[in-house]
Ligand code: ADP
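Just the one chain here, laid out as structure tokens, in the form predicted alone.
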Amino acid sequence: MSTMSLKGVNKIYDNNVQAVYDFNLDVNDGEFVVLVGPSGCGKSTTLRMIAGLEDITSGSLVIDEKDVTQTPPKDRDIAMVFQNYALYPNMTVYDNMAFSLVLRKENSNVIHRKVMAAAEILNLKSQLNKKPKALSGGQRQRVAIGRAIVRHPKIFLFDEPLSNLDAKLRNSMRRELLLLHQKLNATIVYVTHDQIEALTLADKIVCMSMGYVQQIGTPLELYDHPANLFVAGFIGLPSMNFVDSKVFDGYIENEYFKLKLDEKNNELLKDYRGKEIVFGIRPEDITEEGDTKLTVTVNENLGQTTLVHGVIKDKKFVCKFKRWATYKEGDVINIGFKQDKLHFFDKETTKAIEA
């Protein structure tokens, strides 16, 4: 497949609204890169600039070491799969998948071979003579993907392709996309607001907010070592718990609890003694053993795990325990925090405090 680089890319619209700021990204050959963030963060705008559907205000886009910033969309050799499938309702599945090749005036035997190969990969051979209205949502999305596959593009672009599907179908389509990536070894740039999709699909995640890149890294890097408060709160479900706290020698303290620090964390925070920071802990890193008292408000059993919502005094906290718990509203339980899973953030810069 291909490599791609975006260097110092900015997008400013005619009304002087800036949607993307100084976007820099290197995509390796065969890499699955996911742009993730809340609505309005600039991820779809970035994807459309890669496709050529939006002009790049400043900066450059390089594909296979060739600058294509000013290259028309049709000459970039990129295939895009849209959220709404964008299928032709009057055409069969076969004709929808073959359409771009017909426009290129490819040999009919070549078209047939490519369409059948894509149909085999996507398990659509039995659907080729049907029209889109006769297909399920998942099948329509596979047709849209098949239409991209037959072109053998340098890069695949996916713009929230699963957002119109129900939860069960989204789960199965995620697995199909992973299998598809393994079969094609394709270079993929994928946009979603769903952090679960980002964590399960990506080789590399680009987390965005308000037009800025907040962090780039592997799913595990963003989960275990978030660069700032935004990434820490956005990546992970349920979200990380945060508490403004003051640092002392050997412990941190806030109006809800006092937490003793082990030697490593105490050393990490030595320059913050006497100052306020933001303490963070993921729900799954809270234990049922400790000296902090939590009053239960809601107990959500999820099978192998239980989400326990509660308050420490009046501060809301969420815990995730790896068992079926049966706490009731008003129960008071003791909780603790895993020392090797504590997160600390500079209150002024919001950046993570790390060694």
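Only a predicted model underlies this, so the values are computations on that prediction, with no experimental measurement involved. Residue numbers run from 1 along the displayed sequence.
The protein also exists as the form predicted together with this ligand; that form is not presented, and the subsequent description refers to it.
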property: Triplet P283, T292 and F321 all within 4.5 Å of this ligand in the predicted bound form via a heavy atom; result: no
property: Any non-hydrogen atom of G310 within 4.5 angstroms of this ligand in the predicted bound form; result: no
property: 4.5 Å heavy atom contact, G40 to this ligand in the predicted bound form; result: yes
property: Heavy atom of A19 within 4.5 Å of this ligand in the predicted bound form; result: yes
property: Interface membership of S44, this ligand in the predicted bound form, 4.5 Å heavy atom rule; result: yes
property: Region of this chain that lies against this ligand in the predicted bound form, out of 61-69, 44-52, 293-301, 325-333 [heavy atom, 4.5 Å]; result: 44-52
